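Next comes just one chain, in structure tokens: the form predicted alone.
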Amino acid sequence: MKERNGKRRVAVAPVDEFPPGARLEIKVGNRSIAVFNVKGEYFAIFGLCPHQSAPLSRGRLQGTVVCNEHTNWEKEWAHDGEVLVCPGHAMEFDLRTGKAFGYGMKLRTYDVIVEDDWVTVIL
């Protein structure tokens, strides 16, 4: 763990050992963080579901159907591979924002960078 600019950096895995579709759960102190590689883009999110603390690193990734003014009120598949489904009770979270679909909950998200060929979470 390195600190730079007042932010804590946690090295997760070498880039070549964390391919698209991979996921890891890391512990930082007593905090659980789920880290995902979605089509070469990395996401990190608080690792426990707020409902009953199910480990989100074990959830499946999918998309979801949206219907809003941006789709002219037509149903449209969106967020493909970026919707994390809780393995406990199927609550859905947007990996980009941490927001739960259909609920007023939001999980903390963390920035992820590639630094010295390592996937690194910034706390």
Partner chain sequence: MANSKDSIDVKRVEAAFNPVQDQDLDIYGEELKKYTIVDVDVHVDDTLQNMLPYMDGHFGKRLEAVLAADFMGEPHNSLRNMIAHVSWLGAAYDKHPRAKLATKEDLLERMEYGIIDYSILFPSELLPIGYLPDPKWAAALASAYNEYMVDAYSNVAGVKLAIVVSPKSVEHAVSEIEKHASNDDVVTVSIPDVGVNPPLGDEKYWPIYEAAEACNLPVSLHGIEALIHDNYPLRVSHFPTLMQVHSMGFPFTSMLQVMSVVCEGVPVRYPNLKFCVMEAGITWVPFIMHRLDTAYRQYRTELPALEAQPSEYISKWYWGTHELEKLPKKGDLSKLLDLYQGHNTTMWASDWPHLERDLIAGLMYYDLDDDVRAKILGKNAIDFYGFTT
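Residue numbers count along the first chain shown, from 1. Every value quoted in this text rests on a predicted model; they were computed, and no experiment measured them.
Here the subject shifts to the form predicted together with the partner chain, a form of this protein not shown in this document.
When contacts are judged by a 4.5 Å heavy atom cut-off, G29 counts as touching the partner chain in the model of the complex.
Taking the partner from the other structure, the partner chain in the model of the complex has no heavy atom within 4.5 Å of any heavy atom of R96. Of the heavy atoms in H89, some are within 4.5 Å of the partner chain in the model of the complex. Shown alone here, R23 lies within 4.5 Å of the partner chain in the model of the complex, counting heavy atoms only.
Shown here without the partner chain, the chain has P50, H51, Q52, S53, A54, P55, S57, R58, G59, R60, Q62, V65 in 50-73 lying with a heavy atom within 4.5 Å of that partner in the model of the complex.
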